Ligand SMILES: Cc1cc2nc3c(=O)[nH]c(=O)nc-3n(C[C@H](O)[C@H](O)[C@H](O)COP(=O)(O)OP(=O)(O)OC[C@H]3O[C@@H](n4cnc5c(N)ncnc54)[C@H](O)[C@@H]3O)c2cc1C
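The chain below stands alone and is given in structure tokens; this is the form predicted alone.
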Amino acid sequence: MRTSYDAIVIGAGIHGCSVAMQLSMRKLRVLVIEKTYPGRHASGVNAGSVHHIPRLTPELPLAELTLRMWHDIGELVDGEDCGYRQVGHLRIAETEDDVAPMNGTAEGVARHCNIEEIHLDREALFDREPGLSRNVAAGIFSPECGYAQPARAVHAFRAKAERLGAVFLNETCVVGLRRSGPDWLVDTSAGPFDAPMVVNCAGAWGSEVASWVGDHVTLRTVALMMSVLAPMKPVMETVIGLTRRLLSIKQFENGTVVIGGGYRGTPDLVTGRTMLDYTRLGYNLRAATEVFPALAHGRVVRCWSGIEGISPDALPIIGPSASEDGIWHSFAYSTHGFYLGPAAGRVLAEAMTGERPAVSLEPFHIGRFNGCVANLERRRERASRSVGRSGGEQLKLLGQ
């Protein structure tokens, strides 16, 4: 095996596999180093939603580009559709008090990107989703959105990268980075490898890797929980989200129903394991049955969570190091990174190879933290510009 490459990627989640694929498409020799196996954490065990709400305003151009790429995902990864289904996303206001904030969300999206949204009154909601509880007020339907299957997507990106010559080294720990002339030497449990460019796609562990080169940011680590119900008769057609409560529901073609939305277990970065909070899972399941009463007849077959990292301002960290040439970052996607995988890998590869990125990476540069965690007031100011939630609601969901 070669020990020298054009680029070394640390981490084989959706973002590591995506940028590895994009760099390989540009004829670079790429090595991807993964401490377990591709998609082990957040990338492979998330709910698979493909939609743009809620997102902070600076992220919307990247979200719009990503949605266009999901529409053509089979072409991008040589015929594998990643389980993507454009079934639409329906955001529901349960009370009249929720309608105005929901409409404000749609107005914000319209100002910053061109993604179709359709306002539905109460009767139109029932026409689209007859199984809904009658305790709802209105909704916004995004027909261009849908869901994908996370593990299939990670595998598809990895497989294409490998077909293009990328090498994946699994069950291998990266233990340090150091200069070796003009290149970077990546020390691993399998020995050293060198390349002029290194990409940090280490997910919740990305801040540790960044600190090795002088880029300091403190992440909040979380373990978002989900449950899956055994296959049942069709209950819903679209991906469902609520404006006020933590709830996301979707039903796959095989009849299984995935329920999530943001309730958290306890992550352990040392072992890579998580502990579920069954009380909070119970809240999640109860909310699902209150929105779709037919789900009360469902049978829970599995619950799980994946470890993710949230940045101080809830925006991802994408782009060059603030401290060292040749180091690039793509981590801290703050609980909504799976959806962005296709475009984030593309724009980062474009920047790394001297192309003009399709979307500016300036809002995501790690230098915005100036070597420390942003203070609460700065977070509140940024969160107040969030599309889809007030600042207080956004910070509440981020655990601030």
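This is a predicted model, so every value here is computed, not measured. Residue indices: 1-based, along the sequence shown.
Keep in mind the form predicted in complex with this ligand is missing from the figure; the text below concerns it.
In the predicted complex, the residue from Leu28, Ala47, Leu56, Ala343 that sits within 4.5 Å of this ligand by heavy atoms: If I apply the 4.5 Å criterion carefully, the residue I get is Ala47.
Selected contact from Ala100, Met275, Cys173, Ala296, since only one has a non-hydrogen atom within 4.5 angstroms of this ligand in the predicted complex: That would be Cys173.
Closest heavy atom of Ile240 to this ligand in the predicted complex, within 4.5 Å or not? Result no; Ile240 lies far from this ligand in the predicted complex.
Is there a heavy atom of Gly337 lying 4.5 Å or less from a heavy atom of this ligand in the predicted complex? Flag for Gly337 set to yes.
Does any part of Ala202 reach within 4.5 Å of this ligand in the predicted complex? Heavy atoms only, please. Yes, Ala202 lies within 4.5 Å of this ligand in the predicted complex.
In the predicted complex, does Ile10 come within 4.5 Å of this ligand, counting heavy atoms only? Residue-level check for Ile10: yes, a contact with this ligand.
Based on heavy atom distances of at most 4.5 Å to this ligand in the predicted complex, which listed stretch, 86-94, 218-226, 276-284, 127-135, is the contact stretch? Result for this chain: 218-226.
Need the contact residues for 266-282: heavy atom within 4.5 Å of this ligand in the predicted complex, sequence order, or none if there are none. Read in sequence order, no residue approaches this ligand (within 4.5 Å, in the predicted complex).
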